[in-house]
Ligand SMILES: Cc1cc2nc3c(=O)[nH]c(=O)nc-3n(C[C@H](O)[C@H](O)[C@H](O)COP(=O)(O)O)c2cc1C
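Take a look at this single chain, the form predicted alone, given in structure tokens.
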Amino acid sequence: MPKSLLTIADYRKAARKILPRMAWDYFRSGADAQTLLKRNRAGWDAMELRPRVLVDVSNIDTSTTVLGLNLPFPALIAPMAYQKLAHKDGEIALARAAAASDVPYIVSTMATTGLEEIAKVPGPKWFQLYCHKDRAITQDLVQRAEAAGYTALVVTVDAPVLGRRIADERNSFELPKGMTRANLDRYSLSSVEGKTSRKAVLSPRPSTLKAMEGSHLSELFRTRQDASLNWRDIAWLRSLTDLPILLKGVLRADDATRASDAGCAGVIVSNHGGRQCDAALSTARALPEIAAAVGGKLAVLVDGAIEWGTDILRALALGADAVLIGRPMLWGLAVGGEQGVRDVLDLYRSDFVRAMQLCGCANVGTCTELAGG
């Protein structure tokens, strides 16, 4: 790891110099006034820890288990779209880095590499699902993920419509020529093996794209995303697969309890990285009441502006089983491809080890007792 890249902020600054303006704005920006981006970070900063002293931390254990996955430290890679915008090897580079670091990788519906190709890279993977108006497409995505060997389904529930991302609108955001939403390519021109009565067109044809104004991703969500998604659909999804289902985008204790009652295996406390409702609760504030409400009945994960090993420690102290790391993976990818992602993961892991030692935690189980008053 270069000496100039010692923190996540260093990687972010380096990535900004490398990425084209449209890609940087897409990855970095939030919704509307973008206040939630700052509040997500401020939420973790406000949470103080109570370190123990005189604890033997000469040989600590950072490992844990989440839904049968053995994690070297309590972190997974969050689902993120369009990774080839950061580096030509995109999702494959990220998958290889994740495998080399033994960190599970959650693959996005909006990946620029097909889920089957990504699955060929060794290592545990979950699949993130956006539900489409055409339920045959949704069903096919679930079945493809299960057939390819993904071990859990992460259903995004905080995006019935796309949050207004003003930078993308100003840039008329679109994918560069030759780059596609690879998981959706097969649905562009024909029905899903005869399962739907109408033509499934998920990606507007190039001539249509050029005629649009604003963000083309916004137009895609407007025309294809299912804003009617509700709890009955979670039962339907459970009927399609034996994979454990986690709901991503939960910020309320009552929704988390209902997810447990609905047979979900977990919830991910998330506000979509500040990219949906700008007035939403920060994840650090939402996490404690959700963890308390479910009481260990299902897995609780959290994301949003986690940049330090102490942030992982804070999340565990507030009741999370593990965290999801998002944008920093893209900064590492932009800076150094596969090796850049490995370096960022190494940075998180070493920082977490040090945080545990400084707080007197010999293993992950003891991190739950550090919350300040």
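Start at 1 with the first residue shown and count on from there. No experiment lies behind these values; they were computed from the predicted model shown.
Heads up, the form predicted in complex with this ligand isn't pictured, but that's what we're talking about next.
Contact of K248 with this ligand in the predicted bound form (heavy atom, 4.5 Å): Result yes; K248 sits at the interface with this ligand in the predicted bound form.
Check P74 for me: does it contact this ligand in the predicted bound form (non-hydrogen atoms, 4.5 angstroms)? Outside the cut-off, so no.
Just to confirm, T156 within 4.5 Å of this ligand in the predicted bound form by heavy atoms? Yes, T156 sits close enough to this ligand in the predicted bound form that at least one of its heavy atoms falls within 4.5 Å.
Please determine whether F27 contacts this ligand in the predicted bound form, using a 4.5 Å cut-off between heavy atoms. Taking the distances in the predicted bound form, the answer for F27 is yes, it comes within 4.5 Å of this ligand.
Given that this ligand is left out here, which of I118, L287, L94, M80 has a heavy atom within 4.5 Å of it in the predicted bound form? Of I118, L287, L94, M80, the residue with a heavy atom within 4.5 Å of this ligand in the predicted bound form is M80.
Please identify the residue among A305, L333, V323, L318 with any heavy atom within 4.5 Å of this ligand in the predicted bound form. By the 4.5 Å criterion, the partner-contacting residue is A305.
Option from 288-296, 273-281, 251-259, 227-235 whose residues, in the predicted bound form, bring a heavy atom within 4.5 Å of this ligand: The contacting stretch is 273-281.
Stretch 119-145 - residues with a heavy atom within 4.5 Å of this ligand in the predicted bound form: Counting only heavy atoms within 4.5 Å of this ligand in the predicted bound form, the contacting residues of 119-145 are Q128, Y130.
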